[in-house]
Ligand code: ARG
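Next comes just one chain, in structure tokens: the form predicted alone.
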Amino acid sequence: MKKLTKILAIIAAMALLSLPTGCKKDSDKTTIEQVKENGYITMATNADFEPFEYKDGTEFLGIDIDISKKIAEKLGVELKINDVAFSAVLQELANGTCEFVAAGMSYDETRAKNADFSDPYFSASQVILVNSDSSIASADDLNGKKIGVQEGTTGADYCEKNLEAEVIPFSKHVDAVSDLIAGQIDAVVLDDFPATKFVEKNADKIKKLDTPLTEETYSIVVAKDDKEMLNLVNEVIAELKSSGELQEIIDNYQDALGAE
């Protein structure tokens, strides 16, 4: 009997170990109530998108990081950051391992089917990077070329739908730019602000074409139909805009970019 009891206890323990971990959401509580109880709020991002999110040693920096800190501050809690591949940030939201995504994310209809987008906080565009001696002068010249993109981005989607080119996905923009410099691909399509950063660091090797491919905006993303969380994020964005602090945050990183 003792032996049977011991076996049953082991089975029960193994069953507990097999349960999903990391789920902190009590279904009877709203997201904000749960966040306040936990004492922290978690954002998901891809910290390979300077100046919006990047790392200096172990510290996370960037425009999106500063805005996210304001969201945490509004709730009186700590900010935690899940740094994952860009293609996985929305899955973090779906899995309940974060409360919002801040990753220089543009609205599109496919994404909006499964998540809700805040009011925009930044106007952006997709641009083309080429080598300094490249004969590519516009989007028309990209047909038949090898174009590097970050997988899961609106830039990748645009290239796949609108260009007769070989679109090569990368997990990180920096890897695509490295292949561009090495002559492995002909161009890279990415967001304007980070593109400018890459040019600043490699001014003798690459250049940015003047005419953008697209015009878009960035938003913070929350779980579908989480209206309370969406309203709070929009409130923080509105406060930052009206106080001028949002522009100060953007200018600080833009000035730092230009100074290098």
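We number the residues from 1 along the sequence you see. The structure displayed is predicted, hence computed values, not measured ones.
Separately, the form predicted in complex with the named molecule exists; it is not shown, and the next lines address it.
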query: All of 91, 116 and 226 with a heavy atom within 4.5 Å of the named molecule in the model of the complex; finding: no
query: Listed residue that, although the named molecule is not shown, lies within 4.5 Å of it in the model of the complex (heavy atoms), from 145, 80, 111, 74; finding: 111
query: Close approach of residue 86 to the named molecule in the model of the complex, 4.5 Å, heavy atom; finding: yes
query: Residue 46: touches the named molecule in the model of the complex, heavy atom cutoff 4.5 angstroms; finding: yes
query: Contact label in the model of the complex: residue 66 to the named molecule, heavy atom within 4.5 Å; finding: no
query: Residue 176: touches the named molecule in the model of the complex, heavy atom cutoff 4.5 angstroms; finding: no
query: Contact segment among 227 to 235, 66 to 74, 31 to 39, 211 to 219, judged by heavy atoms lying within 4.5 Å of the named molecule in the model of the complex; finding: 211 to 219
query: Contact set, 129 to 159 vs the named molecule in the model of the complex - heavy atom within 4.5 angstroms; finding: 150, 152, 153, 154
